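Listed next as C-alpha cells is one chain, alone, in the form predicted alone.
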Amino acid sequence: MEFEIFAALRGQAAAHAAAIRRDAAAVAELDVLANFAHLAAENHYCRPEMAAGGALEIRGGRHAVIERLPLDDRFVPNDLHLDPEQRQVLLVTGPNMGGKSTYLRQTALIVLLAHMGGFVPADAARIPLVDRIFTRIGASDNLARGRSTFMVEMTEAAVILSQATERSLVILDEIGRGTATYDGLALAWAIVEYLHERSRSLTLFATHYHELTERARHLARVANVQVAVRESAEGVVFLRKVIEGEASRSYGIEVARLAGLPREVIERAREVLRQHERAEARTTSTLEGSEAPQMQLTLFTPLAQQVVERLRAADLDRILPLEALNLLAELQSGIRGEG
C-alpha cells in the first residue's frame, strides 16, 4: 500500500512536471530579486546608471563583502574613473596591506552586480555594458599538470590578452612577480602597452614595479593612482584612500614588522635597504649627471655600483690592451660569482 501511494504521488507530480518547473523558476527568480532589494535597502546600495559604452564611473564604491566583516577599521569607500578615450588603463601603486587588491576586486564586483540587475555598493555609479570581466589575481599552481605558479599566471595572462576586447573589463594584480625582477618588469611593461595599444580594454593594473608608472608619461590613456599612507614616528598608517599620482615606496618592511618578524630581522632589513638606496642614488646620479629621484631597488644594485667604480678608476688613455682584457675578465668573473 505504501508503494502504491508513493507511485500515485509520483504519477501526479510527473503529470504536472512542466508547471512545477515553471513555478520553481519563478520562485527562484523572486527569491534572488527580493534578496537584491533587501541587501540594497539594508546596506545603502545605489541604483547604477547603465550605458551602452563610455566611461566607468563609481563614486564612493565599496566592497560588498569586506564592508560587512567585523573589522577593527571602518571601511573606506573610494572613487573610480575609467574612460576608453582618455583614462583607459589605471596603474595602481601603493604599500602592501594598503588596499590595492580590495580596490580592484570591488570594481569587478560592482560591475558584475550591475549586469545582474542589482543595486551596487556605492554612492553613485555609471556602468557601461561589458562583454566579459577578466581577472588575474592571487597565486596558485597546477603541479599535477606540470604548471608552476608563474606558468599558471602567464597562461591566464595569455588568455586575457588573446580574448579581451575594447568592451571588456580587465583586472590584473601583480603581474610578473613570480620570476626574476627584470623578467617580471619587462613582461608587465609589455602587457600594459599591449592592453593600451591592441586590446584597449578598461584596465586596472596593480603593481609594485614603480618603474611602470613612467608609462603614464608616454602612453596617452594610461594614468596613475596610489593608495595613500601617512608616515609618523610610530610607523606607517594605511589610509586605504585611493588618490591621484604614483607611490614611491611599497613599505614591505613595515608590513613584515606588523606580521611579527623578529626585531633583529626588521632592523637588519632596514640597514640593507638604506645601503641599497645609497648605492642606487650614487649610480643613477653618476650615469645621469644629476640628482635622481628615489627609485625601486633592483637585486643587483651593489654589483652595478662596483662595476661603475672600477670603470671610473680606469685610465683609458694609458691602459694597455692586455690590461683592458684582464679588467673585463675580472669584472665578468665578479658578475658570474654574484649570479
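Residue indices: 1-based, along the sequence shown. Treat the numbers as computed from the prediction; the structure is a model and nothing was measured.
Unshown form predicted in complex with a small molecule; subsequent notes refer to it.
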**Message:** Can you work out which of M50, L39, L33, I66 has a heavy atom no more than 4.5 Å from the small molecule in the predicted complex?
**Reply:** I66
**Request:** Name the single residue among G184, P95, P128, G118 that comes within 4.5 Å of the small molecule in the predicted complex, judging by heavy atoms.
**Result:** P95
**Asked** Is the small molecule in the predicted complex near all of E57, P84 and S199, within 4.5 Å of a heavy atom of each?
**Response** no
**Prompt:** Taking the partner as it appears in the predicted complex, which of 131-139, 263-271, 162-170, 95-103 has residues with heavy atoms within 4.5 Å of the small molecule?
**Reply:** 95-103
**Non-hydrogen atom contact T213 with the small molecule in the predicted complex at 4.5 angstroms** = no
**Message:** If we define contact as a non-hydrogen atom of the residue within 4.5 angstroms of the partner, is Q88 a contact of the small molecule in the predicted complex?
**Reply:** no
**Message:** Please determine whether L71 contacts the small molecule in the predicted complex, using a 4.5 Å cut-off between heavy atoms.
**Reply:** yes
**Prompt:** Given that the partner is absent here, does R240 sit within 4.5 Å of the small molecule in the predicted complex, heavy atoms only?
**Reply:** yes
